[in-house]
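Next come structure tokens for two forms of one protein chain, structure 1 first, structure 2 second.
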Structure 1
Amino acid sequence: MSRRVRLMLFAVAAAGLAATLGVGLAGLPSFGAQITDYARMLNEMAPRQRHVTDVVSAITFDYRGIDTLFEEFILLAAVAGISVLLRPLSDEIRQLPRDKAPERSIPPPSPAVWLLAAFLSSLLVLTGLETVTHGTLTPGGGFQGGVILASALYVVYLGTNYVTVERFQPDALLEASDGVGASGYILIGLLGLLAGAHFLSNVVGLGATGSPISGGTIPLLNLVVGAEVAGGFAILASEFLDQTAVIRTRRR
């Protein structure tokens, strides 16, 4: 496919996307508009029916849990596709790139920067875990917390170097986290069938409102989604860093 054809296809796709976004944005309610009857109904019913104080989590992982299942597998498919497309080929080798200005001396990161990166990374892990586990109480949950957890890897890279990240990155754990998180969502959904109800039915004890373990299956789904999102985004970062930092075409 020639460059001209690719640009034409991109222009058509971009125009269609722009038109779709324009129609969608034009139909949004104005700032401060009255909430809809559907939103008002959920605000009243969710705390009473699911014992949660964050209605968004009740919608995402309960009332519309099937939608979230497909969204999670879209991310899984994207990670798998990127991993296949960016895999090292037979004519590529892993080698650090040469500096375009070899006479220039680039000092390594100072110990203070290394220490700051380690501190911020640990803080991000703690914040991510708190966001995932408190998704039934406050705004947050598995998707947001998973991204925060994955960002800890980015901070280590920015504060140190790629070699350090590659040395200490638990690749097997990240891949297991991505797969277990995706399959765990289905397994939790099967609990409803085992209990004689529908798939993804909330059949676990709801607990007391205000507790991190309230909401039945909602906190469980938050955990598996957080694991899948964290592992997936960390794998994506690793694949892109490989392409930009160490994979080079083998000289013939």
Structure 2
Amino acid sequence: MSRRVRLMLFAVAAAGLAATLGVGLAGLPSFGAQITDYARMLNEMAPRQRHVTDVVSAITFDYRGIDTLFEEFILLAAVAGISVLLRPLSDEIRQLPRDKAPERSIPPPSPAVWLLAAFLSSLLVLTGLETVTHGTLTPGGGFQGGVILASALYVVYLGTNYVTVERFQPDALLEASDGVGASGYILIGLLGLLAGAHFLSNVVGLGATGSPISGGTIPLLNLVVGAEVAGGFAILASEFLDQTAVIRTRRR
């Protein structure tokens, strides 16, 4: 198909698609009028049944916890997949760039930048941990907090140069964090089976509503998800950075 023909066909198709969506959207209840009985019930029951104040967390990790298990593995699969796609291929090698003109080398990052990076990243680590651990109380949780934790590593990249980071990067630790986090979710799920209930049943003591340790397995699941997401996103960043920094085509 030429681009012209493609555009013409698309114009017709898009009109049909828009009409389909329009008809469907027109059938929705008017915007903001009501929420479903299911949602109303969960809003009412979750704080009482699960001693949480953030109902989204209770749904994500308890009522619909199995969705989140698979969601976590979508992320794990993406990370593993990207490591596969961006691995050094048979005609490539990993090689740290060598400075060919040492007398005209780039000056190292100034102490001020370095200090700022250290400060910012420790702030990010704190914020990340806070977000991971307070998922049952306020918006946030393992996913959000994990991403913040990983971003602390990005700031270190920015503040130093990549070669330094590459030398000290705890690759094995990040991978282990990724894997332990994901398998931890399943182990916590098995607690339910061991207690004679169902997979992912919330069998741990629920604690007092509003206290940091409440909600039974929900904070535990937040922790393992936080570990997995932090490790996964850090691996993602390093895989992409490796492509420009250290992976070279082998010389023939």
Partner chain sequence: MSALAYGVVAWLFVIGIYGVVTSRNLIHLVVCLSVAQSATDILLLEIGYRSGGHAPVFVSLPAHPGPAVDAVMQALALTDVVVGAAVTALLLALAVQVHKRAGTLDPDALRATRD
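Numbers follow structure 1, counted from its first residue as 1. Rigid core (definition): largest C-alpha set, two forms, superposition within 1.5 Å. Note that the structure is a prediction, hence the values are computed from the model and not measured.
Student: Which of these two, 1 or 2, is the form predicted on its own?
Tutor: The chain shown as structure 1 is the form predicted on its own.
Student: Aligning on the core only, does the CA of Asp37 end up 2 angstroms or more away between structures 1 and 2?
Tutor: Yes, shifts by 2 Å or more.
Student: For a quick test of reading the superposition: does Leu194 move by 2 Å or more at the CA between structures 1 and 2, rigid core aligned?
Tutor: It does not, since the Leu194 C-alpha is displaced less than 2 Å between structures 1 and 2 after the core fit.
Student: So that I can tell if Ala208 moves, could you say whether its C-alpha shifts by at least 2 Å between structures 1 and 2 after the core superposition?
Tutor: No.
Student: To one decimal place, what C-alpha displacement in Å is found for Gly27 between structures 1 and 2 with the rigid core superposed?
Tutor: Rounded to one decimal, the shift is 7.9 Å.
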